[in-house]
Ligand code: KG4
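The chain below stands alone and is given as structure tokens, in the form predicted on its own.
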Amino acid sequence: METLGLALDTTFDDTSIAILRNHREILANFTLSQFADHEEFGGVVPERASRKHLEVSHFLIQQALDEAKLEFNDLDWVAVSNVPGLLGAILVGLSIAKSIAYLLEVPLIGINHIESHPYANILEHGEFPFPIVHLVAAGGHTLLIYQKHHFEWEIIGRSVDDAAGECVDKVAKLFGFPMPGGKMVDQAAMQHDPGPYEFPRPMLNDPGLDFSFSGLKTSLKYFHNDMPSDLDPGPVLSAFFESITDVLVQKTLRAAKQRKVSAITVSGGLAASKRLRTCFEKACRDQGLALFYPRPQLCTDNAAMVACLASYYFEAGRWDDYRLEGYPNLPH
């Protein structure tokens, strides 16, 4: 049976709309970045992000329908990310999704944005071989998730302070690069050898699965303060990112071993890094693990991954009513 769904994601500073046929066929996936609207402030301004979502959402929805060659009445369900993120931004998407679902008399499905990140890999590669371990390395979260089946998952490791992506952005800013700085740090890691530089691998020797990156950020701050003005930052940033990569790869492989899984996935904004992907591919080949890794466009926040997860909720009849609320924080 063919199903068609519309998904919205307005959890942070990108407005994203997608239309999906069944579980994997992306008919439209449009994301409008707000980077230019916040650049002068050095970070995202929540109120401005909410207003921008409201300004562009209707245009993007119509653009998605036109791209998919569909009308509103063709839709079988509507989904929206309602946790976690900036609350004002979430409420914009939630209000629009509720209105569309009500007018069309179709199911409304609330989606955990973090839970949806690994589903970018189903769009790319097909069904997961459950059980499986996911690494989600997004801007505000670094999480290890163990999943037994759709809807049955638990967080088994998380950052106790800065997320990996947050650490990368802050270090890039320290070295004078504009935010988000992940792309510049990744380029340094691909183009330069770390040379003589060595930075901490926080909590790597800790037997648990949690992460910590604030100490690494502080280490780079002290290094930068004493760094000669003519020193090439490329090898330094390469060495810094090597620390991040080692921790993410080794902790994820440790989780796979502890949970006795045969496959892992990587997703989230930091997963767009070519260096990180290269390291995971090598490590998984060496360990005999199957690796699910999406193309860069599906690593960053997008509504297609939200739609993919929502399609499974729709299939299972797990829908929400109009009392659905938005929540800024990921439940513990």
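Since the model is a prediction, treat every value here as computed from it, not as a measurement. Residue numbers run from 1 along the displayed sequence.
Omitted from view is the form predicted together with this ligand, to which the following refers.
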May I ask you to check whether residue 181 falls inside a 4.5 Å heavy atom distance of this ligand in the predicted complex? yes
Even though the partner isn't displayed, in the predicted complex is residue 28 close enough to this ligand, meaning a heavy atom within 4.5 Å? no
Report yes if any heavy atom of residue 265 sits within 4.5 Å of a heavy atom of this ligand in the predicted complex; otherwise report no. no
Does the 4.5 Å heavy atom contact test between residue 299 and this ligand in the predicted complex come out positive? yes
Among 61-69, 48-56, 286-294, 266-274, the region lying within 4.5 Å of this ligand in the predicted complex by heavy atom distance: 266-274
Note: exactly one of 140, 88, 233, 215 sits with a heavy atom within 4.5 Å of this ligand in the predicted complex, namely 140
Interface residue in the predicted complex among 202, 165, 157, 110, criterion: non-hydrogen atom within 4.5 angstroms of this ligand: 165
Are 117, 169 and 186 jointly within 4.5 Å of this ligand in the predicted complex, each by at least one heavy atom? yes
